[in-house]
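Okay, so here's just one chain, in structure tokens, the form predicted alone.
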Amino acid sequence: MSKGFVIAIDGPVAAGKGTISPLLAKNLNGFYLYTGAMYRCLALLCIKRGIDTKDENTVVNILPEFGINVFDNKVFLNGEDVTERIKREDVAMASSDVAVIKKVREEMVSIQQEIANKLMDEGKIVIAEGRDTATRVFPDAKLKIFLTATPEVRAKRRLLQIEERGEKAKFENVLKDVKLRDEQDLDRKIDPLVKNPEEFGYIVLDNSNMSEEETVDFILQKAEVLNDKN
């Protein structure tokens, strides 16, 4: 049995990473590793406990109480299905706070690498999606995709997601949030969003004018070449 490999999908908020990655996993019979879910689940745990996500010491202290499991495209926090809950905006914003805590990132990266190594030993293709997947978590990933789109297109996608959950929002406010997240992700001291993805071996894919199917097909073509070589 040949050893599996990692496909790392990175990029700014609302670029389509969370939509495209599970589709890739399905097409490749691989495992979708949603790294961002770990930070969102920790942020949700803080919200549930009334913990200030900017209080690093308190956040780190609840790490021993944090348990996450991903099964059949569902995310469980300490046994509770939180798949839909972690998609909400309060969790998204809070996750940006916990994700910049050094101890938190070290813990999460260790978990992610352990999961992927076990799956690769079993011959699986791991589609890892989230911040710094190819720079910090899986620097040796066989395929690195930096998925991006214009802020306006990403804001429209985020607005559609919000509306599909039965919530309401104004495009102007969503666009403002997207740009704010970009600034936070680019400027943070720990594992920021890369400003020069090509230098880290990423294939940059601007899918502003591409459909989901076209985006998936593009990445599949790259992955199939690797699979044949493997």
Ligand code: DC
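Since the structure is predicted, the reported quantities are computational estimates derived from the model, not experimental observations. In this text, residue numbers run from 1 along the sequence as written.
The next section is about a form of this same protein that is not shown, the form predicted in complex with 2'-deoxycytidine-5'-monophosphate (DC).
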Self-check item: Proximity to 2'-deoxycytidine-5'-monophosphate (DC) in the predicted complex (heavy atom, within 4.5 Å), stretch among 185 to 193, 61 to 69, 44 to 52, 171 to 179
Solution: 185 to 193
Exercise. Find the only residue in Arg85, Arg105, Lys142, Lys124 having a heavy atom within 4.5 Å of 2'-deoxycytidine-5'-monophosphate (DC) in the predicted complex.
Key: Arg105
Quiz item: Contact between Arg154 and 2'-deoxycytidine-5'-monophosphate (DC) in the predicted complex at 4.5 Å, heavy atoms?
Solution: no
Quiz item: Is the gap between Gly36 and 2'-deoxycytidine-5'-monophosphate (DC) in the predicted complex 4.5 Å or less for some heavy atom pair?
Solution: yes
Quiz item: Any chance Thr148 has a heavy atom within 4.5 Å of 2'-deoxycytidine-5'-monophosphate (DC) in the predicted complex?
Solution: no
Self-check item: is_contact(Ala116, 2'-deoxycytidine-5'-monophosphate (DC)) in the predicted complex, heavy atom dist at most 4.5 Å
Solution: no
Quiz item: Using a 4.5 Å cut-off on heavy atoms, which residues of 93 to 119 contact 2'-deoxycytidine-5'-monophosphate (DC) in the predicted complex?
Solution: Ser95, Ser96, Ala99, Arg105
